[in-house]
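Take a look at this one chain, the form predicted alone, written out in C-alpha coordinates.
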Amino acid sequence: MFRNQYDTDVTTWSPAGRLFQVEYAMEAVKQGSACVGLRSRTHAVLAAANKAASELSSHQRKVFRVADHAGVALAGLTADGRVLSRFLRSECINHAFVYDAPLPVSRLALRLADKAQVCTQRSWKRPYGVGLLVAGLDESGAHLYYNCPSGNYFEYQAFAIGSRSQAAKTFLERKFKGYDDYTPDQLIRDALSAIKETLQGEKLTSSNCTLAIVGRKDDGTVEPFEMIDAKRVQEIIDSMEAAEETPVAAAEPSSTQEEDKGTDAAPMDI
(Lines give C-alpha, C1' and ligand atoms only; values in the text may rest on other atoms or scores of the structure.)
Protein backbone atom coordinates (compact mmCIF):
# COMPACT_ATOMS: atom_id res chain seq x y z
CA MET A 1 0.00 0.00 0.00
CA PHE A 2 1.19 3.52 -0.80
CA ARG A 3 0.41 6.86 0.75
CA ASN A 4 -2.15 8.96 -1.14
CA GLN A 5 -4.28 12.06 -0.63
CA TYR A 6 -7.22 10.04 0.73
CA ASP A 7 -5.52 8.46 3.74
CA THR A 8 -4.78 11.58 5.81
CA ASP A 9 -7.63 10.78 8.19
CA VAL A 10 -10.10 7.99 8.70
CA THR A 11 -13.18 9.99 7.64
CA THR A 12 -11.98 10.78 4.10
CA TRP A 13 -13.52 8.59 1.43
CA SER A 14 -11.64 7.78 -1.75
CA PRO A 15 -13.47 8.04 -5.11
CA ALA A 16 -13.58 4.23 -5.12
CA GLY A 17 -15.53 4.25 -1.83
CA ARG A 18 -12.67 3.10 0.40
CA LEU A 19 -11.44 4.19 3.81
CA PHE A 20 -7.70 3.61 3.57
CA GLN A 21 -6.88 3.96 7.26
CA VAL A 22 -9.38 1.20 8.05
CA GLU A 23 -7.72 -0.98 5.42
CA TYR A 24 -4.31 -0.23 6.94
CA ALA A 25 -5.62 -1.36 10.33
CA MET A 26 -6.90 -4.58 8.79
CA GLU A 27 -3.45 -5.07 7.24
CA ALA A 28 -1.91 -4.78 10.72
CA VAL A 29 -4.01 -7.80 11.77
CA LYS A 30 -2.49 -9.83 8.93
CA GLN A 31 1.00 -8.96 10.17
CA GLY A 32 0.39 -10.28 13.70
CA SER A 33 1.19 -13.82 14.80
CA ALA A 34 -1.52 -16.36 14.07
CA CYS A 35 -4.53 -17.14 16.28
CA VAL A 36 -7.07 -19.92 15.83
CA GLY A 37 -10.54 -20.49 17.28
CA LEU A 38 -12.84 -23.54 17.12
CA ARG A 39 -16.13 -24.43 18.74
CA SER A 40 -18.44 -27.38 19.20
CA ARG A 41 -21.93 -27.31 20.70
CA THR A 42 -20.57 -27.29 24.24
CA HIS A 43 -16.96 -26.06 24.09
CA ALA A 44 -14.84 -23.36 22.48
CA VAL A 45 -11.05 -23.41 22.13
CA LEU A 46 -8.62 -20.57 21.39
CA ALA A 47 -5.01 -21.09 20.32
CA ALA A 48 -2.28 -18.57 19.55
CA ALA A 49 1.25 -18.78 18.21
CA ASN A 50 3.80 -17.15 20.51
CA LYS A 51 6.38 -15.09 18.61
CA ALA A 52 9.09 -13.11 20.40
CA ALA A 53 10.38 -9.84 18.95
CA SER A 54 13.95 -11.13 19.34
CA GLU A 55 15.84 -14.04 20.82
CA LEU A 56 16.55 -11.94 23.92
CA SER A 57 12.91 -11.10 24.69
CA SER A 58 9.88 -13.03 25.83
CA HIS A 59 6.73 -13.27 23.73
CA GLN A 60 3.76 -11.00 24.32
CA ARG A 61 0.57 -12.42 25.74
CA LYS A 62 -2.03 -13.14 23.05
CA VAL A 63 -4.91 -14.82 24.93
CA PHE A 64 -6.90 -13.01 27.64
CA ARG A 65 -9.67 -14.07 29.98
CA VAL A 66 -12.46 -11.46 30.16
CA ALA A 67 -14.94 -13.39 32.32
CA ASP A 68 -15.60 -16.89 33.64
CA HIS A 69 -17.57 -17.65 30.48
CA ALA A 70 -15.53 -15.84 27.80
CA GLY A 71 -12.05 -14.97 26.58
CA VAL A 72 -10.30 -13.47 23.57
CA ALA A 73 -7.28 -14.16 21.35
CA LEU A 74 -5.76 -11.31 19.35
CA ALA A 75 -3.61 -10.67 16.29
CA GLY A 76 -2.14 -7.28 15.44
CA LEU A 77 -1.11 -4.49 17.82
CA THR A 78 -0.97 -6.19 21.20
CA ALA A 79 -1.28 -2.87 23.05
CA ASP A 80 -4.61 -2.16 21.34
CA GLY A 81 -5.78 -5.69 22.13
CA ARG A 82 -4.87 -5.27 25.78
CA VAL A 83 -7.00 -2.10 26.01
CA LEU A 84 -9.96 -3.78 24.29
CA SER A 85 -9.75 -6.87 26.50
CA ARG A 86 -9.86 -4.59 29.54
CA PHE A 87 -12.96 -2.89 28.05
CA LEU A 88 -14.63 -6.29 27.58
CA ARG A 89 -13.78 -7.24 31.15
CA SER A 90 -15.46 -4.06 32.42
CA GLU A 91 -18.55 -4.71 30.30
CA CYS A 92 -18.88 -8.23 31.73
CA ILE A 93 -18.46 -7.00 35.32
CA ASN A 94 -21.01 -4.20 34.87
CA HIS A 95 -23.58 -6.52 33.29
CA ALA A 96 -23.14 -9.10 36.05
CA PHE A 97 -23.52 -6.38 38.72
CA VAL A 98 -26.73 -4.94 37.21
CA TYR A 99 -28.46 -8.11 35.99
CA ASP A 100 -26.82 -10.78 38.19
CA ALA A 101 -26.20 -12.86 35.07
CA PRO A 102 -23.30 -13.30 32.63
CA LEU A 103 -23.24 -11.12 29.52
CA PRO A 104 -24.32 -13.16 26.44
CA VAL A 105 -21.44 -13.72 24.04
CA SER A 106 -23.31 -12.22 21.08
CA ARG A 107 -23.89 -8.98 22.99
CA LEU A 108 -20.26 -8.95 24.10
CA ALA A 109 -19.11 -9.14 20.48
CA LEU A 110 -21.64 -6.44 19.51
CA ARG A 111 -20.34 -4.00 22.13
CA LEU A 112 -16.79 -4.59 20.99
CA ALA A 113 -17.83 -3.97 17.37
CA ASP A 114 -19.62 -0.74 18.33
CA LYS A 115 -16.50 0.52 20.09
CA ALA A 116 -14.35 -0.27 17.05
CA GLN A 117 -16.85 1.36 14.68
CA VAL A 118 -16.69 4.71 16.50
CA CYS A 119 -13.00 4.93 15.60
CA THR A 120 -13.87 4.78 11.89
CA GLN A 121 -16.16 7.82 12.19
CA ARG A 122 -14.07 10.35 14.14
CA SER A 123 -11.26 12.27 12.45
CA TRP A 124 -9.32 12.65 15.72
CA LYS A 125 -9.21 8.88 16.31
CA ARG A 126 -7.58 5.98 14.54
CA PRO A 127 -8.95 2.45 14.06
CA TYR A 128 -7.76 -0.22 16.47
CA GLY A 129 -5.03 -2.17 14.72
CA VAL A 130 -6.04 -5.52 16.15
CA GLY A 131 -8.42 -8.35 15.33
CA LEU A 132 -10.00 -10.37 18.12
CA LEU A 133 -11.42 -13.88 18.27
CA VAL A 134 -14.07 -13.88 21.01
CA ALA A 135 -14.92 -17.33 22.38
CA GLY A 136 -17.49 -17.93 25.07
CA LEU A 137 -20.38 -19.92 26.47
CA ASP A 138 -23.93 -18.85 27.28
CA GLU A 139 -27.38 -20.40 27.56
CA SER A 140 -27.52 -21.14 23.82
CA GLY A 141 -24.17 -22.97 23.78
CA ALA A 142 -20.61 -22.20 22.73
CA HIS A 143 -19.86 -19.32 20.36
CA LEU A 144 -16.92 -17.98 18.37
CA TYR A 145 -16.85 -14.46 16.89
CA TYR A 146 -14.28 -12.53 14.89
CA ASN A 147 -14.22 -8.77 15.47
CA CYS A 148 -12.58 -6.73 12.72
CA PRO A 149 -11.01 -3.22 13.05
CA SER A 150 -13.69 -1.95 10.65
CA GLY A 151 -16.39 -2.58 13.26
CA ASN A 152 -17.77 -5.67 11.53
CA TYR A 153 -18.12 -8.93 13.42
CA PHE A 154 -18.95 -12.45 12.28
CA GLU A 155 -19.78 -15.72 13.99
CA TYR A 156 -17.77 -18.77 12.94
CA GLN A 157 -17.56 -22.49 13.55
CA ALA A 158 -13.78 -22.20 13.20
CA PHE A 159 -11.53 -19.36 12.08
CA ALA A 160 -7.91 -18.19 11.94
CA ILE A 161 -6.38 -14.71 11.81
CA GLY A 162 -2.85 -13.32 11.64
CA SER A 163 0.19 -14.05 9.52
CA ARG A 164 0.06 -17.21 7.40
CA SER A 165 -3.47 -17.83 8.65
CA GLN A 166 -4.58 -19.03 5.22
CA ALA A 167 -2.81 -22.35 5.80
CA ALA A 168 -4.74 -22.78 9.05
CA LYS A 169 -8.03 -21.83 7.35
CA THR A 170 -7.42 -24.45 4.66
CA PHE A 171 -6.91 -27.08 7.35
CA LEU A 172 -10.05 -26.00 9.24
CA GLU A 173 -12.19 -25.92 6.09
CA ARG A 174 -11.47 -29.61 5.51
CA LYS A 175 -12.78 -30.62 8.95
CA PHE A 176 -15.17 -28.01 10.31
CA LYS A 177 -18.39 -29.86 9.40
CA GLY A 178 -17.86 -32.35 12.21
CA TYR A 179 -16.91 -29.83 14.89
CA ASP A 180 -20.40 -29.67 16.42
CA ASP A 181 -19.96 -33.20 17.79
CA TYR A 182 -16.28 -32.93 18.73
CA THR A 183 -15.04 -33.62 22.23
CA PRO A 184 -12.83 -31.00 23.98
CA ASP A 185 -9.71 -33.12 23.31
CA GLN A 186 -10.50 -33.32 19.61
CA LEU A 187 -10.97 -29.55 19.42
CA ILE A 188 -7.65 -28.99 21.18
CA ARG A 189 -5.82 -31.34 18.80
CA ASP A 190 -7.25 -29.63 15.72
CA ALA A 191 -6.42 -26.20 17.16
CA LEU A 192 -2.80 -27.29 17.64
CA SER A 193 -2.70 -28.79 14.15
CA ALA A 194 -4.01 -25.53 12.67
CA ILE A 195 -1.38 -23.50 14.57
CA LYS A 196 1.28 -25.92 13.33
CA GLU A 197 0.24 -25.13 9.75
CA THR A 198 1.16 -21.47 10.31
CA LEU A 199 4.67 -22.13 11.64
CA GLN A 200 6.23 -22.95 8.24
CA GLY A 201 8.34 -25.88 9.30
CA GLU A 202 9.11 -24.64 12.81
CA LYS A 203 8.61 -27.37 15.40
CA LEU A 204 5.44 -27.01 17.47
CA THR A 205 6.11 -27.04 21.22
CA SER A 206 4.35 -25.85 24.35
CA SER A 207 6.69 -22.84 24.45
CA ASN A 208 5.56 -21.37 21.12
CA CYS A 209 1.79 -21.76 21.50
CA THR A 210 -0.92 -20.85 24.00
CA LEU A 211 -4.20 -22.74 24.47
CA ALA A 212 -7.40 -21.86 26.33
CA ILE A 213 -10.78 -23.58 26.62
CA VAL A 214 -14.26 -22.85 27.95
CA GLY A 215 -17.30 -25.12 27.90
CA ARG A 216 -20.05 -27.07 29.60
CA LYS A 217 -19.68 -30.60 30.94
CA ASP A 218 -22.17 -33.41 30.30
CA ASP A 219 -23.77 -32.84 33.71
CA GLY A 220 -24.47 -29.19 32.84
CA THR A 221 -21.80 -27.57 35.00
CA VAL A 222 -19.74 -24.83 33.37
CA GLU A 223 -15.99 -25.17 32.89
CA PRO A 224 -14.67 -21.60 33.33
CA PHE A 225 -12.40 -20.07 30.71
CA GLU A 226 -8.88 -21.19 31.57
CA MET A 227 -5.44 -21.46 30.04
CA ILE A 228 -4.23 -25.00 29.50
CA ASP A 229 -0.91 -25.46 31.29
CA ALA A 230 2.24 -25.98 29.24
CA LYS A 231 2.86 -29.49 30.57
CA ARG A 232 -0.50 -30.77 29.33
CA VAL A 233 -0.06 -28.99 26.00
CA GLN A 234 3.31 -30.69 25.50
CA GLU A 235 1.80 -34.08 26.35
CA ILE A 236 -0.90 -33.56 23.71
CA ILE A 237 1.70 -32.49 21.12
CA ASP A 238 3.82 -35.55 21.89
CA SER A 239 0.82 -37.88 21.51
CA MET A 240 -0.06 -36.22 18.18
CA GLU A 241 3.47 -36.72 16.89
CA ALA A 242 3.45 -40.35 18.02
CA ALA A 243 0.14 -40.93 16.22
CA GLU A 244 1.59 -39.42 13.01
CA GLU A 245 4.64 -41.70 13.17
CA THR A 246 2.64 -44.92 13.73
CA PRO A 247 1.06 -45.15 10.22
CA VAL A 248 4.48 -44.52 8.64
CA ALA A 249 6.04 -47.34 10.65
CA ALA A 250 3.16 -49.67 9.73
CA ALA A 251 3.59 -48.93 6.02
CA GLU A 252 7.28 -49.85 5.92
CA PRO A 253 6.88 -53.67 6.40
CA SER A 254 4.28 -53.89 3.62
CA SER A 255 6.59 -52.13 1.17
CA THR A 256 9.41 -54.55 2.14
CA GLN A 257 7.12 -57.54 1.50
CA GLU A 258 6.26 -56.22 -1.95
CA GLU A 259 9.96 -55.95 -2.78
CA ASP A 260 10.49 -59.59 -1.66
CA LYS A 261 7.64 -60.74 -3.87
CA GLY A 262 9.13 -58.87 -6.76
CA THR A 263 12.49 -60.65 -6.47
CA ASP A 264 10.81 -64.11 -6.50
CA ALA A 265 8.92 -63.42 -9.71
CA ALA A 266 9.93 -65.03 -13.01
CA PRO A 267 11.75 -62.73 -15.48
CA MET A 268 8.83 -62.76 -17.92
CA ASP A 269 6.44 -61.65 -15.17
CA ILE A 270 8.43 -58.54 -14.23
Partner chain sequence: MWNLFFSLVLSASYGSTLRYKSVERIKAVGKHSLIGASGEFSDFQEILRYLDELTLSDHMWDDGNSLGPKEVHSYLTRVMYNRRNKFDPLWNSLVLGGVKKGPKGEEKYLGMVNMIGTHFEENHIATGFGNHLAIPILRAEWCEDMTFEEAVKLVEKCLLVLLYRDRSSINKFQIAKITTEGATIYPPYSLKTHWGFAAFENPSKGAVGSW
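Because the structure is predicted, anything quoted here is derived from the model rather than measured. Numbering follows the first chain given and starts at 1.
In what follows, reference is made to the form predicted together with its partner chain, a form of this protein that is not presented.
J.: Spell it out for me: taking its partner chain in the predicted complex, does every residue among 8, 13 and 117 have a heavy atom no farther than 4.5 Å from it?
T.: Answer is no for this spot.
J.: Taking 4.5 angstroms as the cut-off for heavy atoms, does residue 201 touch its partner chain in the predicted complex?
T.: Output for residue 201 is no: heavy atoms all beyond 4.5 Å of its partner chain.
J.: Do residue 86 and its partner chain share at least one heavy atom pair within 4.5 Å in the predicted complex?
T.: Although its partner chain is absent here, residue 86 would stay clear of it in the predicted complex, with no heavy atoms inside 4.5 Å.
J.: Taking any heavy atom pair closer than or equal to 4.5 Å as contact, tell me whether residue 221 reaches its partner chain in the predicted complex.
T.: Output for residue 221 is yes: heavy atoms within 4.5 Å of its partner chain.
J.: Using a 4.5 Å heavy atom cut-off, state whether residue 107 contacts its partner chain in the predicted complex.
T.: Yes, residue 107 lies within 4.5 Å of its partner chain in the predicted complex.
J.: Considering non-hydrogen atoms and a 4.5 Å limit, which listed residue (216, 30, 51, 61) is close to its partner chain in the predicted complex?
T.: Checked against the cut-off, the match is 216.
J.: Of these, 162-170, 131-139, 74-82, 182-190, which stretch puts a heavy atom within 4.5 angstroms of its partner chain in the predicted complex?
T.: Only one stretch passes the 4.5 Å heavy-atom test: 131-139.
J.: Heavy atom within 4.5 Å of its partner chain in the predicted complex: which residues of 91-129 meet that condition, in order?
T.: The stretch touches the partner through 97, 98, 99, 100, 101, 104, 106, 107, 110.
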